[in-house]
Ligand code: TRP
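Only one chain is given next, in structure tokens, and it is the form predicted on its own.
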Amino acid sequence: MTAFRPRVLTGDRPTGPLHLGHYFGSLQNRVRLQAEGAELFVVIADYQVLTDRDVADRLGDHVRELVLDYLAVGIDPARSVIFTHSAVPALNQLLLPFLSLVSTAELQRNPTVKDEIAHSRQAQVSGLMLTYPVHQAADILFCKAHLVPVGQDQLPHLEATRTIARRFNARYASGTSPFFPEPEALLSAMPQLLGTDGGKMSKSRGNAIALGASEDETARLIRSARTDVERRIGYDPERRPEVSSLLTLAALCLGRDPHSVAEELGDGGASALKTLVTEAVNEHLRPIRERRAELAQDPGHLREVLARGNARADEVARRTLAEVLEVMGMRY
């Protein structure tokens, strides 16, 4: 009997370089799932760049950088599928039947959509923003994914996907086994890393350490990180969030507990903390950065990886769309 291989859908918008928050919060988990035998689909969500901005600036460069990061951390294109939205028309065609399964009121009150609208870079919010959860549902359901690694803030989107799957099954495939699985959330247990300004680490805020940053740039960014006035270093995320975030980062890189790192630093102050974090980050990322630099020398290989992934995703999406049209009675 063939062993069950769960399908996992994950991905990123190509809006800037991936950083340490992505690495510890998501990328490591993807590599682990791949090693455990999951069938991993990684979408580079190029269409979704336009949800909160008027122009997809430097899109080609950002897509290339994402592929570099994926390969450098250990995502294996021989075992996983790396693809772009725009190369898979059948995936996007699923938007039409899926949109018929949700109301405008449900989309308008989605908390993630409301937050995205509040922080949008657009002069006027486009219709694409409102349909963002439905587009994500198409991403997940085209390959009938069983698991979706998400942060706490993305749970409303996943619940929207589960709702769409459930309604499609009830409307078009009742009386049979569910056509679409209702995907489960795979929440990361990692504490959130703060940006160097003490806010949420973000590609667009200039407060993150990119995986592809140089060691000197990493040192500069960590030197600029906010701490506090207390000399003794202590791990207390509620009272001392910035210091605790740096301790978490050092502990993750060193494979230690943040309390023990704090105890070791003692009264060394912010300077000693930042020195330790810098050394730990640069040492941990050195083999990844070396691999990344090596891969960057062969752009043809990057294009080939994406072409193969696009072809595989397109094959899966066309099969799913054909099945959807069949159960909807639209095969003439």
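Just so you know, these numbers come straight off a predicted model, no measurement behind them. Each residue number is its position in the shown sequence, starting from 1.
The same protein also has a form predicted together with this ligand, omitted here; what follows describes it.
- The stretch among 39-47, 270-278, 61-69, 290-298 whose residues place heavy atoms within 4.5 Å of this ligand in the predicted complex is 39-47.
- Here is the short version: of 9, 324, 313, 20, the single residue with a heavy atom within 4.5 Å of this ligand in the predicted complex is 9.
- Of the residues 92, 100, 154, 126, just one reaches this ligand in the predicted complex with a heavy atom at 4.5 Å or closer; this is 154.
- Each of 13, 136 and 148 comes within 4.5 Å of this ligand in the predicted complex, counting any heavy atom.
- Although the partner is absent here, residue 164 is not a contact residue: none of its heavy atoms lies within 4.5 angstroms of this ligand in the predicted complex.
- Interface membership of residue 140, defined by any non-hydrogen atom within 4.5 Å of this ligand in the predicted complex, is confirmed.
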